[in-house]
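Heads up, the chain below is alone and in the form predicted on its own; it's given as structure tokens.
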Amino acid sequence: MGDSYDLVVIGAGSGGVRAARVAAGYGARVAIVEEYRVGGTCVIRGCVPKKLFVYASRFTDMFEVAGSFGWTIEGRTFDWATLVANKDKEIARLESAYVAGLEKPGVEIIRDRAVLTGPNGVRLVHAGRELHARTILIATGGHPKTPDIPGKELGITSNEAFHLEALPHSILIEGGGYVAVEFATIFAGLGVDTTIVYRGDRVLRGFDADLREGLDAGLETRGIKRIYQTNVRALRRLDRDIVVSFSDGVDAPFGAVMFATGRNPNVAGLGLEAAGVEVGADGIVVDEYSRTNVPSIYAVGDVTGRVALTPVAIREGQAFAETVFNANPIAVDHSLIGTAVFAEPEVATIGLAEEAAATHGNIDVYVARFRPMINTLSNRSERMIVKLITEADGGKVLGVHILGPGAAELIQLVAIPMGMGAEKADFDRAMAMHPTAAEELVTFKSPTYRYRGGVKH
């Protein structure tokens, strides 16, 4: 039958693409349905273009220290249109690579909107076709959340930020998570007067306190203003600006307002009710093998509300294909996942934060604060932070937290020994590489402080 498949994947983001490609490689007849572009949030309007914009914004810091190394840089200019055009060119290249990766093993790519009609049925809205699938995988990802306030249509999200026609003279970013601080770094580095407003008392809730404090100080150094314990109540247009009404009664104009207040799973309009799929507060409910309550329907990635990170979606997609199409059941372990925030300074972490670790028993905490070597010839006073948390008396490493240049690259490598259950002695056994920031992780001689019985000493 022409419209009958072993697998129909709804959503061609990172998780869906990996699942489709691997399943097809195992001989399954696979179709993947996507209504926007192949590649998903990460590739099209997420981590990839974001990182390119972060690189652009970091030149400001490089120019600042260049003089201390003997360089004279004159006539510095920045052209937003050039950055956007080059970003778009790279995204188009990546999308083409994703398409080729699907077509090579024989995956059929269908550009349409898919709606479930039952446990094994999918309707293509625009084409009017009905597909039958032995197995259905939902990998529709998520979308930026916007607050329900008067004038919300005047604000933008990260989706629109990648396609602005011009940089605003100033911007207010509401939120205190990854997206908020990363885009604050981007806009400030490109010369935009930038302000963060956040309902909490400091950015990056849930991260280790030292990293939160260090990043807050770094934002201050870059001239990024922060308004804490405050919300946006309303927006209104005034000439070319947007006037923001804050919860503390203050009104102020900005050139643009960006909402970075979280993301919601893309579950609306998928026909989940018709198929009987259970949806919880965080997204589609699945078991350890990404299976929903309907035996023929699975879900991976951000739409499940488990861990909203691209590599997690990819791993879940791989595990799904192995489980269903290779008779090799794999449950993804979500217990030890490193994460990075590409702000400036950069933040990366894996394992338990200090406060959480202290509730698990006696621990030792090792902390090093120092100026990154690139700043030592200049008057920049920012400090890098390297923090190691272990069980008491040189036991198992429970958490590693780094703030400063290359933090994400360091944490990615640290994830390997931590996944193997490394102890402090295993880190000590490594010979230091000098001069590097990473050598601090293997040269701690004694704890900076300890927790015994939950009390800091």
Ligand code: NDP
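Quantities reported herein were computed from a predicted structural model and do not represent experimental measurements. When you see a residue number, it is the position in the sequence shown, counting from 1.
As for the form predicted in complex with the named molecule, it is not shown, yet the points below apply to it.
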{"query": "Candidate stretches 213-221, 307-315, 78-86, 242-250 - the one whose heavy atoms come within 4.5 Å of the named molecule in the predicted complex", "finding": "307-315"}
{"query": "Candidate from Ser296, Asn231, Asn362, Asn326 lying within 4.5 Å of the named molecule in the predicted complex - any heavy atom", "finding": "Asn231"}
{"query": "In the predicted complex, the one of Gly189, Gly177, Gly151, Gly121 near the named molecule [non-hydrogen atom within 4.5 angstroms]", "finding": "Gly177"}
{"query": "Proximity of Phe342 to the named molecule in the predicted complex, heavy atoms at 4.5 Å", "finding": "yes"}
{"query": "In the predicted complex, Arg369 touching the named molecule (heavy atom, 4.5 Å)", "finding": "no"}
{"query": "Residue contact check: Arg58 to the named molecule in the predicted complex, 4.5 Å heavy atom", "finding": "no"}
{"query": "Contact label in the predicted complex: Leu172 to the named molecule, heavy atom within 4.5 Å", "finding": "no"}
{"query": "Output flag, Arg134, Arg291 and Glu322 jointly within 4.5 Å of the named molecule in the predicted complex, heavy atom basis", "finding": "no"}
{"query": "The named molecule in the predicted complex - contacting residues of 193-229, heavy atom within 4.5 Å", "finding": "Tyr198, Arg199, Arg205"}
